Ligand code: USQ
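Take a look at this single chain, the form predicted on its own, given in structure tokens.
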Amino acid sequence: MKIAVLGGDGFVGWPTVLHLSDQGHEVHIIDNLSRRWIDTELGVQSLTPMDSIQERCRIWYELTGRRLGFHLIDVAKDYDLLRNWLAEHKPDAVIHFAEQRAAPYSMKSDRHKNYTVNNNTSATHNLLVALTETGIDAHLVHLGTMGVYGYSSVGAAIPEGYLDIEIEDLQGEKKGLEVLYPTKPGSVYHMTKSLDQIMFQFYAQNDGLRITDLHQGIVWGTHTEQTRRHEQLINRFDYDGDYGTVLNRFLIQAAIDYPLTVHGTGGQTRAFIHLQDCVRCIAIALENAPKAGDRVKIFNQMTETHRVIDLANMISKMTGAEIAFVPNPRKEAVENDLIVKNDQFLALGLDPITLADGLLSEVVDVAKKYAHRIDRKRVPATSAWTKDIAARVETDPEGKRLKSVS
């Protein structure tokens, strides 16, 4: 297949590009390199050193003989360029990663909230309109988030996108109805992903677009089979409080003898998936595309759930790191349950990598190798969800607010 990967320079985008190219697909990266500019804005860098996207593509070609196309297009702003590129290249599939992906970054300030909404919503809608206007029958695969469901449970498993309900008509008879599972976004970022869902539903029913929406858990790990082949192909690794995912951040903290910072009680339950499984799931989704006229196909792209405090205890036992409880910058329940169905990927052959498989040491090894690149001041998560929370966090300086427990 000819595949366009929007946001192919990013944390999940780059290993997906390599995985699909390795499978023999013709892969084109469309990206505005905004994630690199955000590093500059935040004054932080990927733990792993990253070459330019052009150099990384060159290294891949030298190793494999397979070319990767790179096209500098801002999907949220350059609608005409995007539409014209699609009309010229006519891809069989488009994978959409071109959204600002961090909840803490989306809550930093009014500017960051507006940027996240403008970028994410415009990028998605521009893509949907461009596919409709060009008439290309491309399968759209979108990387969403488990966060659209919210982090709570009513004691039943969260289904894969859709919920069967009964309503009573005017005659008092029960009627069955299938609806999208109610969204309960926990940040501006998660809100944009919830808006994506509505746009997908409209364009699938109105214009027959073939769409798969992947509600993904938190990604951990740093390597895939392809990124291991050359040091310059290594994936980016975010450890800072805005972009670093919780498990990767714990592993970084352990590697540099920094307390594992647990927000609140640590009773929050999250869904997780290893990076290698993430790219496998995307490939599986591509191979199982819906037909024109089908409803949006929704997968829960996760493999396991864990409480944050349990993860911290696991890493502490493995590394000897101390655990420190700090004020939670997020507005969320102190504790929650999370029961999630992921039957579709398992039925299609996914054999999940779990935390128990020993790959945690892989991340620790990477962290130790590049520990000299870590700015310890960037490790704490300080972006607050409300002004009241921000005031409490700001008046409780890091270092004094750490309450250590062994």
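Keep in mind the model is a prediction, meaning the values are calculated, not measured. One rule holds for the numbers: they count along the sequence shown, beginning at 1.
FYI, the form predicted together with this ligand isn't displayed, but the following is about it.
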Partner-free chain; cross-checking this ligand in the model of the complex, the single residue of Val296, Ala138, Ala254, Val262 with a heavy atom within 4.5 Å is Val262
In this chain shown alone, the residue from Pro185, Pro290, Pro104, Pro91 with a heavy atom within 4.5 Å of this ligand in the model of the complex is Pro104
Verify the flagged residues Gly244, Arg270 and Arg330 against this ligand in the model of the complex: is each one within 4.5 Å by a non-hydrogen atom? yes
Residue stretch of 77-85, 213-221, 124-132, 195-203 approaching this ligand in the model of the complex, non-hydrogen atom distance within 4.5 Å: 213-221
Do Met146 and this ligand share at least one heavy atom pair within 4.5 Å in the model of the complex? yes
Is there a non-hydrogen atom of Phe97 within 4.5 angstroms of a non-hydrogen atom of this ligand in the model of the complex? no
Does this ligand come within 4.5 Å of any heavy atom of Val308 in the model of the complex? yes
So, in the model of the complex, is Phe250 in contact with this ligand at a 4.5 angstroms heavy atom limit? yes
